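Next up: just one chain, as structure tokens, the form predicted alone.
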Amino acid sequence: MDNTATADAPNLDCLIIGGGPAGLTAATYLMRFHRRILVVDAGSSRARWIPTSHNCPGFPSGVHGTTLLERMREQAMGYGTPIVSGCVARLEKQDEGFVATAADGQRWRARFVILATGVVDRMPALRGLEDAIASSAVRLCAICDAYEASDDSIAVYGPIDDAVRHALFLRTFSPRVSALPLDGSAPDPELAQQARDAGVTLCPVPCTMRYEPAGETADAADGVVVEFEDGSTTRFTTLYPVLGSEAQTAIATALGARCDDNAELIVDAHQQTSVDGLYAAGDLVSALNQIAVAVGHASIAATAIHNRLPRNFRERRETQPPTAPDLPTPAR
């Protein structure tokens, strides 16, 4: 379809910004409601980092993050969802809707917007990080995959109090859990006592960390080798960095959307932000960062938007399969 801009381009019912699990779910719902939508996808979904998820509903043998995205994209496009590669740089309130401007200058008008841009994890300075994530030697979500790390030698790296809290959570899964502090700050005394009571080891500040594949040593599994100031090293089967993340909310906060203390968007029961007509779904919302939660956000937001739009009664026609609406061209 032609994506060139015209001055009289029709308004979209909804513009979806972000093509991860939340954005693609919202697209599938809205296309099945016979609404005129467009997805703008920067191709940077956090789900790409998932080696294999075993807690994603419907995949008992697990699913790779990129495979999940491919299937969700295929499902959305199967209903005719138009998806444009790009990054929305600015969102403006105008009349009864919004105007979105991409980094390359493309513009779209929409009555409603669903923001599904997610978060960006802060990563540790670890040599071989991407290979470590791919092999599950570095894991990013204890809720998602700590079960797979059961009985591993686990380290948690981050600000000391955060590291201890996450280490205590991980004691459910392994008796061998250590907290690696980001710096020399002393832990909260109560947390330190809880760590001692639970058998969590409080380590000194690491000097370097590197990924070590299986076979380079006598260890049978991939792991992370941590070196300390005294020259000693410890090898962990699994490392969890807890360095936080940055919610991709800039275009929403520029419109005055409210955030919580973690800089994530606050939404109502219908996933609407404090800006009328602007909805949010997925990890950038103040909630549990899980694929199942993101999918729920998206279905709620899409249904709420459909119910707010003018009714689109179906015209009587010859019996035939439903067809996808034409792609609205970007507005200048």
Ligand SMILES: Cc1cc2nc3c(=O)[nH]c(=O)nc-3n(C[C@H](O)[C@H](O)[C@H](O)COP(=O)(O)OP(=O)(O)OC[C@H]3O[C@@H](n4cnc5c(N)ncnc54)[C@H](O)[C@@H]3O)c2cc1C
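Computed from a predicted structure; not experimentally measured. So that there is no doubt, residue numbering starts at 1 and follows the sequence shown.
Quick note: we don't show the form predicted in complex with this ligand, though the next part is all about it.
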request  = Examine residue 35 and determine whether its closest non-hydrogen atom to this ligand in the model of the complex is within 4.5 angstroms.
outcome  = no
ask   = Closest heavy atom of residue 49 to this ligand in the model of the complex, within 4.5 Å or not?
value = yes
query = Applying a 4.5 Å heavy atom distance criterion, does residue 238 contact this ligand in the model of the complex?
reply = no
query = Does any heavy atom of residue 263 come within 4.5 Å of a heavy atom of this ligand in the model of the complex?
reply = no
query = If contact means any heavy atom within 4.5 Å, which of 165-173, 186-194, 221-229, 117-125 contacts this ligand in the model of the complex?
reply = 117-125
key: Single option in 181, 82, 97, 86 placed near this ligand in the model of the complex, where near means a heavy atom within 4.5 Å   = 86
task = Let me know the one among 287, 300, 275, 40 whose heavy atoms come within 4.5 Å of this ligand in the model of the complex, would you?
result = 40
Within 4.5 Å of this ligand in the model of the complex, all of 26, 113 and 259 (non-hydrogen atom) = no
message = Need the contact residues for 167-182: heavy atom within 4.5 Å of this ligand in the model of the complex, sequence order, or none if there are none.
response = none
